[in-house]
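A single chain comes next, written as structure tokens; it is the form predicted on its own.
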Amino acid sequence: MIVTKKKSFEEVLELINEYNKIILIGCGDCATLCKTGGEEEVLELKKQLEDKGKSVVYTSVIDTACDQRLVKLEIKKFPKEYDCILSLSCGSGAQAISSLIGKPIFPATDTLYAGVTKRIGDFKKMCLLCGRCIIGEYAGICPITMCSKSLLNGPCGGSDNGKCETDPDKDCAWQLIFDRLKEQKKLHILDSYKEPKEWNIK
């Protein structure tokens, strides 16, 4: 699940300031679940833009906006005359569209992270899509994502009663890792030093 949030309407207006004929493309997958790019959000943005004098010439919610096969089919329905596209999807969806057209495309959302859906509109950050996955070394918990400092070799020492020093409502990732490894009788995994993450590995 790729979690996105809406850009402010003011920022969207600034992005498309010089354009008038706009196409709005949402995503029926992640962005719909996030309530940032489903049918309701596309229609809401259409009304806001038209209230500001912009002409929305076409709207669509592609089932999965990052699927180029579906994007190719949708592009065939586009009107011949338009100035730009506003994408209400994640960055992958926007780039899937961008790779197939010659017109300017702008994101109406910000892409945050890959998360776990707790309930509609309520997500927990679990993955930063950072490349080589290391959770097997940390009892299935990602220290890159879950630790506020992305520490790979144990806690910073600032946690208090199992909570992160940066946010008293957030569990310390290293307390979670320790507790789970202890439960699994695998605390020895923490005995070895972990080299800094190689961010160039994808």
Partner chain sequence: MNFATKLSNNKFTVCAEVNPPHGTNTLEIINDLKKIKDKVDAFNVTDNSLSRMTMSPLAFSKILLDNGLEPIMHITCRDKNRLAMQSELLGAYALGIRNLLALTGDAISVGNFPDAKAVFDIDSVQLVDLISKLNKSFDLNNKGLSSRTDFLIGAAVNPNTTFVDGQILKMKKKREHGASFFQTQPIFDVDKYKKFINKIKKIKQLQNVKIICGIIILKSVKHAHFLNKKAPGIKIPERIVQDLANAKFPEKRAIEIASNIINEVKPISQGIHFANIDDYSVLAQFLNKL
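Quick caveat, the model's predicted, so the values are computed rather than measured. Residue numbers count along the first chain shown, from 1.
Keep in mind that the form predicted together with its partner chain is not shown, yet the notes after this line are about it.
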Just one of S55, Q175, Q48, Q68 has a heavy atom within 4.5 Å of its partner chain in the predicted bound form. Which one? Q175
Residue-level contact is defined here as any heavy atom of the residue lying within 4.5 Å of its partner chain in the predicted bound form; does G154 satisfy this criterion? yes
Might E165 be said to contact its partner chain in the predicted bound form, defining contact as any heavy atom within 4.5 Å? yes
State yes or no: in the predicted bound form, is some non-hydrogen atom of D169 no more than 4.5 angstroms from a non-hydrogen atom of its partner chain? no
When the contact criterion is heavy atoms within 4.5 Å, does S192 count as touching its partner chain in the predicted bound form? yes
With a 4.5 Å heavy atom cut-off to its partner chain in the predicted bound form, the contacting stretch among 59 to 67, 141 to 149, 24 to 32, 40 to 48 is 141 to 149
Residues of 7 to 23 having any heavy atom within 4.5 Å of its partner chain in the predicted bound form, listed in sequence order: none
